[in-house]
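In the block that follows, a single chain appears as structure tokens, in the form predicted on its own.
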Amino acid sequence: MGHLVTSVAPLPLQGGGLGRFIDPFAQFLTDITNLEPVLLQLIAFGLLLGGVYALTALGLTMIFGVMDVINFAHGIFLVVGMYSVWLVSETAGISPFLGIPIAAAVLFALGVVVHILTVEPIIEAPQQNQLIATLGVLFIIQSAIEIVFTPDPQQVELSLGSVQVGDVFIPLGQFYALVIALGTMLAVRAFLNRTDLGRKIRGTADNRDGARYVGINVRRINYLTFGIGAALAGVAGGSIALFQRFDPFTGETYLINAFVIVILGGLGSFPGAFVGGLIVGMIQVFGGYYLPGTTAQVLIFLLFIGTLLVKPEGLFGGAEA
């Protein structure tokens, strides 16, 4: 996630030992007291990053909320979305923005196939079987991408620049990604609440046995849900490709943070995914500026562990996808 964080140069470190960790907090409090302009810039970057994080977690929490499946392949689905946008842009000259819905369609089809071949046959098995199966899917797809496109980083050729609002610079690539993230989350919310298929998905999430009794085809709902979750990963990956270089392993960091967000917000909770994404985005950006090295990522892991210990159901609790 270095692109966003390093857009504001990290604070020079002072002293050694514990001072490396105490001084940044003192500097942070001083900046708040003095209302330093850099705080507004960091908040803007945190919102931009948090919105994209929320979108990366949305498909993961939807699949778990409906199917009780923790999908380790979600990170590589993001990467397939990135390569899909890059590929249509480079080979067919299609606008990367138009490539995002193409990536969503590709990922929906891939998600359905993966579900039918790997998840559906063991849907009633212990959850560790599903973890291993989706982890296997991750390695297979990752290796295939590495073989076909090499491990070298790729980048969508797109120069969008930035705008200045007061003292705050907003990179347009990240801004458009945030708009896409918010629009997609609202669209999914409306789909689940206002369409017959969406209500069937919610009914299945609430009570799978009850859904069968009232005639809902739960098996069909399962593969549609897995496909939609993968398509959301495609939208997220395509949006990230607008402003960041990527390679076959880029999805790993996003997958880890997506799990933290889903646990923090509450498994299966859409509002939880949004709020959790913003919290993790803020920690990543403020930590990247004030704290040394990878301390920000350590804080995110501590938040993850603390949530499991204190409020394991997450901030918003219970499934409501």
Partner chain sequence: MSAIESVRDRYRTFDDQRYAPLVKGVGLFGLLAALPTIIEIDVAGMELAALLSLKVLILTVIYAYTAQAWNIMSGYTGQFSFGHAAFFGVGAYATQALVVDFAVNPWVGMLVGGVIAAGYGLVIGALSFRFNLQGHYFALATLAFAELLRFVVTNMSELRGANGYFKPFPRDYGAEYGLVAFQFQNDLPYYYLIVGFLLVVTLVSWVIKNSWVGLYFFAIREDERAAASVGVPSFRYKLIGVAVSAFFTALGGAYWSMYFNTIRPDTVFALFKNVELLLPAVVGGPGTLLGPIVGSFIVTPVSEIARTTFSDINGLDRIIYGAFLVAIVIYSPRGVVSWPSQARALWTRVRGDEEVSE
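None of the values given here were measured: they were computed from a predicted structure. Numbering follows the first chain given and starts at 1.
Below: the form predicted in complex with its partner chain, not depicted.
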query	finding
Heavy atom within 4.5 Å of its partner chain in the predicted bound form - the one residue of 90, 167, 146, 206 that qualifies	146
Contact assignment for its partner chain in the predicted bound form, among 94, 113, 140, 186, heavy atom within 4.5 Å	140
Triplet 118, 122 and 295 all within 4.5 Å of its partner chain in the predicted bound form via a heavy atom	yes
Residue 305: touches its partner chain in the predicted bound form, heavy atom cutoff 4.5 angstroms	yes
4.5 Å heavy atom contact, residue 28 to its partner chain in the predicted bound form	no
Residue 64 within 4.5 Å of its partner chain in the predicted bound form, heavy atoms	yes
Contact of residue 48 with its partner chain in the predicted bound form (heavy atom, 4.5 Å)	no
Stretch from 189 to 197, 170 to 178, 126 to 134, 226 to 234 whose residues place a heavy atom within 4.5 Å of its partner chain in the predicted bound form	126 to 134
